[in-house]
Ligand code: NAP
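A lone chain, given as structure tokens: the form predicted alone.
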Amino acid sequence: MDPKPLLLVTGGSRGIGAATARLAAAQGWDLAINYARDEAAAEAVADEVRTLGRRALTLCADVADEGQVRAMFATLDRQLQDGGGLLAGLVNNAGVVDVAARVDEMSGARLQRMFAINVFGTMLCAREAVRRMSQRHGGAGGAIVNLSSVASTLGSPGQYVDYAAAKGAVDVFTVGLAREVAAEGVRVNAVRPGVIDTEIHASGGQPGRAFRLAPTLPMQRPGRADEVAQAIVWLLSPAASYTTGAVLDVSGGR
């Protein structure tokens, strides 16, 4: 019997990550759900996955910390060896924003945190996934989807220029890595959400931001996490077998 494909979702305890875990489970994936702090929320998502008849693991790690990323993948390796399965997908969803500010008001610590989580975390997790998926390393192939943002095309002046710049780096990384591993059985794509109704706005001090911006959006409403998850899970699937290096906007026309 072929090993069951397993998908690792970073930042999978809430928002787009949790929606992706639920949808992927419904479409036949086993799940590994990464979280940084909220174990209870991650376990709640894992329980939902199990009710769909799929295996679910929870893995605590701060993706900005290389040692924790290495340890997370080592734990995943052991879990897969013990219970069967094969890492076949990675969704780099973990990310942060900060309070609205101009660049000339931003501290170095803020910039370090923004890039450590949104950029370096994405790159570190992708590196570990490629080491396991790539045919060059004896793997069976797989798919990686990075979470970017339409902010990378807009710049977010007066709000989150640092966040926009970090997501611009994710876009470039996606294209470069996709071309680097295209002949090794690994596809790499990105999804660029627009204004989505998730908890990330509250973490930036603006819990009502998604609906406040609704009148300025072409579709006159914010998106939902499950709408973004649909695009992510499609990019992971065999239906996207000839798609790599793509950056797909899920932004309601923004």
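This structure is a prediction, so every number in the text was calculated from the model and none was measured. Don't overthink the numbering: it's just position in the shown sequence, from 1.
Beyond what is shown, the protein has a form predicted in complex with this ligand; the following relates to that form.
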item	value
This ligand contact at D62 in the predicted complex, heavy atom, 4.5 Å	yes
Contact flag, I144 vs this ligand in the predicted complex, heavy atom cut 4.5 Å	no
This ligand contact in the predicted complex: R14, any heavy atom under 4.5 Å	yes
This ligand contact in the predicted complex: V195, any heavy atom under 4.5 Å	yes
Stretch in contact in the predicted complex with this ligand, which is absent here, among 130 to 138, 163 to 171, 99 to 107, 178 to 186 (heavy atoms within 4.5 Å)	163 to 171
In the predicted complex, the residue from L86, L76, L124, I117 that sits within 4.5 Å of this ligand by heavy atoms	I117
Heavy atom within 4.5 Å of this ligand in the predicted complex - qualifying residues of 17 to 43	G17, N34, Y35, A36, R37, D38
